[in-house]
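Presented as structure tokens, the chain that follows is alone, the form predicted on its own.
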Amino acid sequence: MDDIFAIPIDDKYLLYAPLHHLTALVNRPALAQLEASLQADAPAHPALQPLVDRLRAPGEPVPMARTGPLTDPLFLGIIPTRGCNMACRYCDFAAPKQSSPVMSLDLARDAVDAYFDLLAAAGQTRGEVHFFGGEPFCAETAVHFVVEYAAHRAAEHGIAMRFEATSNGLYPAARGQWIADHFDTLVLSLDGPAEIQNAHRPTPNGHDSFEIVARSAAIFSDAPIELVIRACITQETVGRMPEIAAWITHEFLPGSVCFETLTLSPLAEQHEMLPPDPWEFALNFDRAAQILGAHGIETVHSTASTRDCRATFCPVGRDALIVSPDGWVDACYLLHEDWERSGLNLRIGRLDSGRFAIHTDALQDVRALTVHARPLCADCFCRYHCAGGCHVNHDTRGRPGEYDALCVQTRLITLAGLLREIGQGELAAAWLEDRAACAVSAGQPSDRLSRIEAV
């Protein structure tokens, strides 16, 4: 019963059991009968018995923290530089853009060697290298070296490698083509058509960035690389999300489009840029998703994916090894100053003499940062998907049910997606149009079936 949820949708309830992969739309009397049957371990009405049998059967294990020695890292993360060649008006990365150090090739080689030593010792047959920044391709030589050297080491060990990067796309066409030829996945920040992109993401000298970034997107669209377009949505652009989606379908061929809301920062406030209203974001996300879906393009919001169940939202706690230019090994690619402001220490070790010197206590502390340690998430039906969101930027120390804007948009988008998965697209669209009905659904203090007062 603890992991069976029921959320009001107009005059019905969405019954959801993520660990049983069960979603159903039922009326209130049926929900009451289901709860009574499950509580008393008694037979149910014949029409409901299949649901009861499914819920009584063992489900997936509850997602838990990793334990034991570090033998299966999620990926090797490389931060070749914190530098960046853009001056985004909302950037929440406070690192110096032009004076950040670049990872030395010796350190890059040590990071790759240490990673392959781990994989080989554990008998792993697959590996991944992810690049973060700043803008990683500002340190082009370091990136080229890591890709070529890691590919060489992978061939030696018989390991299948994947390369992924998060990038702003502001570089010459030749560099874009090299990326397309050598990377498996590229997450490209592109906020929309020219007037949106240029307003949000200018160059440091104030020039427009759209033409160059759109050219990069076109290069990636014509290549086998998996292109993920990531668009930051603000209060001003939230109503244009369907338009942005339609524009993307006409111009590019991404595998998916990720819509994320603006994270407030001093720079964003300076430029009077605000996050969107969560209901407006959810409504327009769903509309955009239908446009993109008609072209075979997946629409993603980072905290609203129901693809799998997880104990932590991001690489934190999943043994990712993220190496910075100074040789520290961290569990998160965000800035150290940001962790400290949130009362966290996500440093787990250091590269030392060509090996990962991982601090066991630090590793265990980071692994323990799961949804089970986030009070706000205790009774939310999204707990095994969202898992509380970003550890650094989303405060989940509040009481269960005291949902903030990030929670509300996640809950609404997830509910709409679940309704569409069971063929209730018309209901999802009509429900999202009704702000008052959405407020009831998103504001329910506890989603656990055993605690719903209305049943």
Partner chain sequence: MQTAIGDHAQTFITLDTFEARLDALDRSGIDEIRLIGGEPTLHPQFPALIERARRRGKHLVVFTHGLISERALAVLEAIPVDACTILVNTNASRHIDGPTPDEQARRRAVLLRLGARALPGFTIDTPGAALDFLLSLALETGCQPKIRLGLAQPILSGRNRYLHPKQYPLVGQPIARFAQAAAQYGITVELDCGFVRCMFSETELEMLHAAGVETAWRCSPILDVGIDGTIMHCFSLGSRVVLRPTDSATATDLRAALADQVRPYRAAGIYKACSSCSFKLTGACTGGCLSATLQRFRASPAPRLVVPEEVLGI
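Positions refer to the first chain, counted from 1. Note that the structure is a prediction, hence the values are computed from the model and not measured.
Although it is not shown, the form predicted together with its partner chain is what the next lines describe.
The stretch among 207-215, 322-330, 234-242, 290-298 whose residues place heavy atoms within 4.5 Å of its partner chain in the predicted complex is 290-298.
Contact check for Pro224: a heavy atom falls within 4.5 Å of its partner chain in the predicted complex.
By the criterion of a heavy atom within 4.5 Å, Asp181 is counted among the residues contacting its partner chain in the predicted complex.
Remark: Leu253 counts among the residues lining its partner chain in the predicted complex, judged by a heavy atom distance of 4.5 Å or less. The closest heavy atom approach of Asn198 to its partner chain in the predicted complex falls outside 4.5 Å. Think of it this way: in the predicted complex, its partner chain has a heavy atom of just one of Thr306, Ser100, Gln177, Thr203 within 4.5 Å, and the residue is Gln177.
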